[in-house]
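Just the one chain here, laid out as structure tokens, in the form predicted on its own.
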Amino acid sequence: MNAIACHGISQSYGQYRVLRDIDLTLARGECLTLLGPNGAGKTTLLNILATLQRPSEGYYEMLGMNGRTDRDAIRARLMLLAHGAHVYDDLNARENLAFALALRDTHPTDRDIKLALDRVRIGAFADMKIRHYSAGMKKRLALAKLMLARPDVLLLDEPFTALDPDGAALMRDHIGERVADNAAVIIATHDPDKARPVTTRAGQLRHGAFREIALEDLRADGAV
């Protein structure tokens, strides 16, 4: 069974067609790095797969569930790391993680939360309100949330943005662990060099159309 199967996915906004007849399958244990220039439709595709918007045409299946009718069940099995860190400024790191995971009916122990924060190297700031965090610290907090949630499908939109080399390595290590644990991962990025070590497949979106590319052709913006 494929983790993700897209069948003729298209998305239009008025006369502008963002995605054009996307057919794409991704198995569990695979990591697809998705390239393309700004406006190519990468974020739109991830938002559709994350059940945040419905495609204008076509449909998809995820983990054997229908993206049209099983949205709640799909949401319980995936996580999207979008451009923003999506954290609560008036809560501290520990409170952010406990609250966000409770929304997923997951309840890590205090020790689990401490271990995750220590692993992403912001444990010393666990009691600091997030409004005082830098962008890189917020991204590390988002990574700690991924570590605790352990979703079966991971959708990452520019996951290396705001991370220094050490943070990028932590992100990459976690992606590799999830792939080894049979999760399916899609990375949309303009920085394929950082994604390359964990990439098992590569693809390009250009003018809304998808095509698979060879791993050796994995370059910025899919310029092959």
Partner chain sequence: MAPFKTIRWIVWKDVVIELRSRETLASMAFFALIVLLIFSFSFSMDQRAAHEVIAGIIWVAFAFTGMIGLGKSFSAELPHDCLDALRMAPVSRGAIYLGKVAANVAFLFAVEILLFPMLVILFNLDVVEDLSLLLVTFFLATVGLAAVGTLFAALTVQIRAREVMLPILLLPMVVPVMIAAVEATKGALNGDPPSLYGPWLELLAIFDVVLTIASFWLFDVVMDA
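Positions refer to the first chain, counted from 1. Since the structure is predicted, the reported quantities are computational estimates derived from the model, not experimental observations.
One more form of this protein, predicted together with its partner chain, exists but is not displayed; see below.
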Might Thr44 be said to contact its partner chain in the predicted complex, defining contact as any heavy atom within 4.5 Å?
-> no
- So, in the predicted complex, is Arg111 in contact with its partner chain at a 4.5 angstroms heavy atom limit? no
### Task
Considering only heavy atoms, tell me if Leu91 and its partner chain come within 4.5 Å of each other in the predicted complex.
yes
- Given that the partner is absent here, does Ala124 sit within 4.5 Å of its partner chain in the predicted complex, heavy atoms only? no
For its partner chain in the predicted complex, the stretch among 44-52, 173-181, 186-194, 157-165 with residues bearing a heavy atom within 4.5 Å is 44-52
From Leu148, Leu117, Met137, Val87: within 4.5 Å of its partner chain in the predicted complex by heavy atoms is Val87
Within 73-112, the residues having any heavy atom within 4.5 Å of its partner chain in the predicted complex are Arg75, Ala76, Leu80, Gly84, Ala85, His86, Val87, Tyr88, Asp89, Asp90, Leu91, Asn92, Glu95, Ala98, Phe99, Ala102, Leu103, Arg104, Asp105, His107
